[in-house]
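As structure tokens, one chain now follows by itself in the form predicted on its own.
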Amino acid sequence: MNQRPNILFINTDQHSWDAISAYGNPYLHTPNIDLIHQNGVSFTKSYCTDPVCAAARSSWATGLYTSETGVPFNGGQLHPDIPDIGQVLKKGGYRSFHCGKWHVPGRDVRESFEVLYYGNDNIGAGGAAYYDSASTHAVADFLTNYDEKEPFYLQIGYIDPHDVCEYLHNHEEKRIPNPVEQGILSENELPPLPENFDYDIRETVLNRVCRRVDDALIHSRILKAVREWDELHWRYFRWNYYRFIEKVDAEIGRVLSLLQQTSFNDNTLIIFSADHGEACGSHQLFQKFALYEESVRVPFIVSCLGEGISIEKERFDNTHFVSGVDLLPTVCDYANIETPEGSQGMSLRPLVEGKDINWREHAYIESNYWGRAIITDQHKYVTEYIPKTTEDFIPPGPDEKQLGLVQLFDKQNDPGENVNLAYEPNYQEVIDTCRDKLLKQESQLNRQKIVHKGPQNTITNWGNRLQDFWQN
């Protein structure tokens, strides 16, 4: 590679790591994402920083964890002093373009990027049926007409398969018969229930109050509806999820096909990832928000369809833990731009090029302001912070005395996370080791006070509900 490459970051929304046909999933067909994999390196130990849209995207934009960005949930606000990826690249001599979903509240995408398409009204959480094809057309126009000498960075934020959420919202208003009753599909056309459809009820208080109790903090109306579902409803939910992924795969295919017809193809680095996953019935959950694998583990592929960039083709990296904070330093490395000081991420370029370097030994994930997880080769440790009696609006941690309940899973022998080992006496040493990793990781974070009234109100209201549960 004799010159700085063009960089194309294609991202989907709510796309679990294994919902790709090249990875062996027989229930969907994704030939275009498969093509990206066939021409690059897929990191199979890839995790989001936080299983919800705005939070995870704030990490992409900044290389920081969500307790640092000011966006620990969808209603947060990015701290104004933190530079974002568009600003960093522009300062380093790149033309920075954005198209499609941004969803980093507190940062105007039009001030950080040259925007190809963002809708007359800013694209929000959903609406793939309206926005995704428009984004593809905007990118096609860009690739056809770009003739500048400066290299470009272009990020395309597709919404699907997030519109599976709209499918779920339909069930809030009415009882919808299962697809066999409606005559839409036969039972043998539906994917099976996930093997981990059942779950160990000894969850954290945070997950119970957010997702399980009658008046759950998150989507209680959908929860009420799915409690009435039979097995075929759940299987049809999964069937629909895969169809939304196939729709966005087709959009990606149009972009790749056009790219291959341009002079940019040989010197364009492609990064493909997703902000978070989708529970899709695992543990009888829907959407994201939880710290189970289906919600936090995401695809991350680094690729080039041409021959101008050194990438070993069609390789799985099953060794290295990759995080959403790694996007910014990876892009900066390929762009030959210094990564902003304080970034928590690491460049994947040495791994893509097959080099042996020191790397992190675990993944660290946050959720719903108080939730935390550490993932090692053998175990997943999930815990929570108990809300402060007097809230100071500084995201919690590290504070061992404020830690709440624990879930511990053996990833090797229980990949579905069905059995919580935290209550088994033989695992206390493992819990202690994981807790120490958590506290050490959190001691390295730069938390700032959340000052906006909206996020403060969310923290107060949710914290009060959690405190009530703890007291009772």
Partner chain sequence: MIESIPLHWSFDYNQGAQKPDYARELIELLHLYKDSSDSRNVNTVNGQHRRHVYQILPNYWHGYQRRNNQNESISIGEVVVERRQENGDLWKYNVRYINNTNGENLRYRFSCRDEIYRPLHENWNVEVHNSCTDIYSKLSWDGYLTSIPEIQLRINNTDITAGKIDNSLPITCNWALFDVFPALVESNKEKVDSVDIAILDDLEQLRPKCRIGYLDTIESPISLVGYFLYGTGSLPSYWWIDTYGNTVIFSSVFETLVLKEKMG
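Residue numbers count along the first chain shown, from 1. What you see is a predicted model; the values in this text were computed from it and never measured.
Keep in mind that the form predicted in complex with the partner chain is missing from the display, and what follows is about it.
Residues Tyr130, Ala140 and Lys247 are all found to lie within 4.5 Å of the partner chain in the predicted bound form, as judged by heavy atom distances. With the partner left out here, the partner chain still marks one of 290-298, 395-403, 130-138, 315-323 in the predicted bound form; by a 4.5 Å heavy atom cut-off that stretch is 130-138.
Residue-level contacts in the predicted bound form: of Lys224, Arg360, Arg202, His169, one residue has a heavy atom within 4.5 Å of the partner chain, and it is His169. Proximity to the partner chain in the predicted bound form, defined as a heavy atom within 4.5 Å, singles out one entry of Pro329, Gly126, Pro151, Pro194, which is Gly126. Proximity of His29 to the partner chain in the predicted bound form falls within the 4.5 Å heavy atom cutoff.
The partner chain in the predicted bound form comes within 4.5 Å of a heavy atom belonging to Tyr118. Taking the partner from elsewhere, Leu185 is found to have a heavy atom lying within 4.5 Å of the partner chain in the predicted bound form.
Using a 4.5 Å cutoff between non-hydrogen atoms, Arg208 does not count as a contact of the partner chain in the predicted bound form. Residue Phe97 is the only member of 75-105 with a non-hydrogen atom no more than 4.5 angstroms from the partner chain in the predicted bound form.
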